[in-house]
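Shown next as structure tokens: one chain only, the form predicted alone.
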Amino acid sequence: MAKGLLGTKIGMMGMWDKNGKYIAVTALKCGPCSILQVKTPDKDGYSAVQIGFGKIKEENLSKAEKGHQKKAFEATGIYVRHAIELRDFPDAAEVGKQLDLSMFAEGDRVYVTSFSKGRGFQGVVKRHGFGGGRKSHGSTFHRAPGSVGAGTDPSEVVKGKRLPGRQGGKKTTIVNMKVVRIIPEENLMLVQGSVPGAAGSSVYVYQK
């Protein structure tokens, strides 16, 4: 059975675990998520549910988006900003039903997907961790990438060569993050380690 919730990243903090070890954790606000659509093999060719999270004003939605969320809005009274699809969800799912952190438990291992912070165009020292050249007076090789390939054979820069370019701003998934604590009354989940992205960015927490 698929398990997953949309949410936002609150930030990082430190805490003591049950073994008396001080660990770094990331606080995530997950759910409640509304079921927007239920797909069935007979109608759609596969079974899945579409869930949504985050409030948005009605005037900021298109007519098609409001029509898609009509049944869920009648049940919950809110329009959602973000949506994602979960495969192989149980047949008991109904449009408008609320999903919360009760599907997870402390000690679970989860996947967390979000977009990493965008760093813009960066050189090889920051982007790939190159050491660079000498910093002494007279040196003309400080933070340059150096040789990028032979001139005679193959007479080209090979594909995949580490070069300057855009860094960050990519969809990133951290696997097997441990759920340290769940605070259901505040819809908070604390996972051990760091989650990509800035505070307030969207995250997707799920189990396969």
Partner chain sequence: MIKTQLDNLHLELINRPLDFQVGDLVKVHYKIIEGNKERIQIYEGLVIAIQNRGASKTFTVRRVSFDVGVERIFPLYSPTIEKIEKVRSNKVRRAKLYFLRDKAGKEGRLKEIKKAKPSDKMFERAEKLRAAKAAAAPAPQPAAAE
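Residue numbers count along the first chain shown, from 1. Not measured: the values here are computed from a predicted model.
One more form of this protein should be noted, the form predicted in complex with the partner chain, which is absent from this view; the next part is about it.
- For the candidate set A144, L163, I183, I174, a heavy atom within 4.5 Å of the partner chain in the predicted bound form is found for exactly one residue, namely I183.
- Proximity of L36 to the partner chain in the predicted bound form falls outside the 4.5 Å heavy atom cutoff.
- Contact annotation for A27: at least one heavy atom lies within 4.5 Å of the partner chain in the predicted bound form.
- Contact check for K70: no non-hydrogen atom falls within 4.5 Å of the partner chain in the predicted bound form.
- Not displayed here, the partner chain is kept clear of K66 by more than 4.5 Å at the level of heavy atoms in the predicted bound form.
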